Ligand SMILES: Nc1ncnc2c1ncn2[C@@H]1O[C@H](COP(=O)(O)OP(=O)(O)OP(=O)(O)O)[C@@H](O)[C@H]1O
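Single chain ahead, by itself, as structure tokens, in the form predicted alone.
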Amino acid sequence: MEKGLEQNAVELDSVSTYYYGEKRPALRDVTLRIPVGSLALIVGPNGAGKTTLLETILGLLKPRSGRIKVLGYNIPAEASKARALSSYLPQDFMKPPIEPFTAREVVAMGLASSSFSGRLLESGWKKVDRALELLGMMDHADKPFGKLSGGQQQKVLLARAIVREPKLLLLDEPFSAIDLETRSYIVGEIFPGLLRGGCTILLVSHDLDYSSMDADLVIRVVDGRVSQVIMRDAHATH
């Protein structure tokens, strides 16, 4: 099948992943299918393996066994091709006050890698400003990123992730510092727009309140295993 026309954005078959030097797997025998254009909510307690799952999908961690395909590409062999079509917002996002870049420049970094010269044209800067506006951050566009609050930094980094117009968006605890009203707006307005455009979203959370989110799949990770997959309007599997 031609790349980009696959039914599933992410496929894992019997995948086990180990951190360097560890004898116990961080992920154990994970088999998973995430359809294109779906919102997948990944839940579980701290230390369950949720972040490890994202890093394995992106090819940042190499599986010791099993098979992974992301956007039609084999991981980790073709991870760079899959990552070029993906955006990742990691959990550890806070930057110190001395961070020299403005909020606008941080968002622009999401597009710089796709520019041959690393410099954005006017059309690129318009995309940057639209992303900032979408997240309600235009009034802070020229402020130093490190001087913004935790919630503001998180919104800027989400703008950087979506400005790339990714086919796959991976978000690790993206609302930890964001107020409830903004969270509801992102989930109710921004996410549906991305999904309609064909983006697949993987959202990690340990907060069980997110289980009420209108997700297509809820993937429960416990002790390095996928213990349950709940499909919308379907019975639980696993």
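Everything quoted here is computed from the prediction, not taken from an experiment. In case it trips you up, residue 1 is the first one in the sequence shown, and so on.
Quick note: we don't show the form predicted in complex with this ligand, though the next part is all about it.
Remark: Thr200 does not count among the residues lining this ligand in the predicted complex, judged by a heavy atom distance of 4.5 Å or less. At a distance threshold of 4.5 angstroms between non-hydrogen atoms, Val187 is out of contact with this ligand in the predicted complex. At a distance threshold of 4.5 angstroms between non-hydrogen atoms, Gly193 is out of contact with this ligand in the predicted complex. Although the partner is absent from this view, Pro45 contacts this ligand in the predicted complex, with a non-hydrogen atom inside 4.5 angstroms. Among the residues Leu41, Leu58, Ala26, Ile178, the one placing a heavy atom within 4.5 Å of this ligand in the predicted complex is Ala26. Gln91 is the sole member of Ser80, Ser149, Asn74, Gln91 with a non-hydrogen atom within 4.5 Å of this ligand in the predicted complex.
You can rule out all but one of 63-71, 179-187, 31-39, 50-58: in the predicted complex, only 50-58 has residues with a heavy atom within 4.5 Å of this ligand. When contacts are defined as a non-hydrogen atom within 4.5 Å, all of Tyr19, Glu22 and His206 contact this ligand in the predicted complex.
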